[in-house]
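Take a look at this one chain, the form predicted on its own, written out in structure tokens.
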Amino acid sequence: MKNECIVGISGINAVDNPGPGVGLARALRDDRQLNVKIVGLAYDAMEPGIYLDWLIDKSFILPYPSSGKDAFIQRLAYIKQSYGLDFIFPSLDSELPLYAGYCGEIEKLGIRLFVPEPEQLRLRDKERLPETAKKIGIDSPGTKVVRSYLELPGAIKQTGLPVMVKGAMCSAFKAHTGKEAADFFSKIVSQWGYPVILQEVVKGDEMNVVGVGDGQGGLIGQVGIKKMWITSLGKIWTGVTVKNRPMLRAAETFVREYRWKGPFELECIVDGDTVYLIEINPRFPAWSYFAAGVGVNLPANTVRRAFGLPYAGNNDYEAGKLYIRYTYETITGLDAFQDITIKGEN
């Protein structure tokens, strides 16, 4: 790629609950023929990615999506005009409705996106998982949608204990007793409101697949992993690549049936030949660099696809490759923090 492409990446909060952004930046750097500058799109001055200047060329603070689309789009327009911005990877659940809903307005600024359409985005709703799982040929745990506290005891009786108590969009807790379920239920309602999802606990191995759909029913690539060790927040710390055929076929069917556009992650429980769909994430997960590390550079291929550039058609990878996350410290001057705090950019 001869002409420089400026790529914005959010989710650069590489903390104990890491966002995908730093991994996406690493993946883009791995493609030596893709001439990119990387812009970090942060929401807080303490997001570590701001200070990783060997990965991220410049950073800007964005207004929170809850501030409304006008302020958000105006900020993107400022970044486009003052520094340049050709493409954005939205990496956080909270911003995806804005990018999907106002894709046309953002692209009129000269900023390209490769994101699901609003109707596709609604597939992530946990209450729709059974329907989606059936359509792509796999199973789903027993699920009850609870819209009031009075419905909770009956829903627990139907799903049984232990049970997963989940917010419609965020948060998930495993309850072993009715009291625990009620406590988690109240916690989720106070944070996210109704509905709350009760999901049967199924046994098997935790496996995920990350991929990118081309918007026409085809896959740009995919990689499957098995979780080996997770943190107390449920985030993968150690994993291994797998080629579980039923799970990978389900991902192919998902992309084909829904003509999915952009990155996705299917979270599954696999018990022999039975695959249960647990969640759909309409973005890259935090472990996405694993795919690039085993030869399937999904972020770089997404940029190439968006700009009509050639990308690797052979997206095969080797099973049995190990992924280990680690912590890292960086030291920088206080002036970087002052700039991002006072000026909103660094």
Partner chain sequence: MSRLSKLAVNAEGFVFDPDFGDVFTVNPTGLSILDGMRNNKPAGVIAEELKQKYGVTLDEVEKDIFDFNSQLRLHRLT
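Residue numbers count along the first chain shown, from 1. The structure displayed is predicted, hence computed values, not measured ones.
Keep in mind the form predicted together with its partner chain is missing from the figure; the text below concerns it.
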Query raised in the report: Looking at Leu92, Leu152, Val270, Ala168, which has any heavy atom no more than 4.5 Å from its partner chain in the predicted complex?
Result: Val270
Report task. Heavy atom within 4.5 Å of its partner chain in the predicted complex: which of Thr143, Thr241, Thr132, Gln120 fits that? Just give me the one. Result -> Thr241
Query raised in the report: Do Leu309 and its partner chain share at least one heavy atom pair within 4.5 Å in the predicted complex?
Result: no
Query raised in the report: Does its partner chain get within 4.5 angstroms of any non-hydrogen atom of Leu85 in the predicted complex?
Result: no
Query raised in the report: Should Met46 be counted as a contact of its partner chain in the predicted complex, where contact means heavy atoms within 4.5 Å?
Result: no
Query raised in the report: Would Lys226 show up as a contact with its partner chain in the predicted complex if we use heavy atoms at 4.5 Å?
Result: yes
**Report entry** Among 271-279, 135-143, 255-263, 110-118, the region lying within 4.5 Å of its partner chain in the predicted complex by heavy atom distance
**Finding:** 271-279
Report task. Heavy atoms within 4.5 Å of its partner chain in the predicted complex is the criterion; list the residues of 204-218 that meet it. Result -> Asp205, Met207
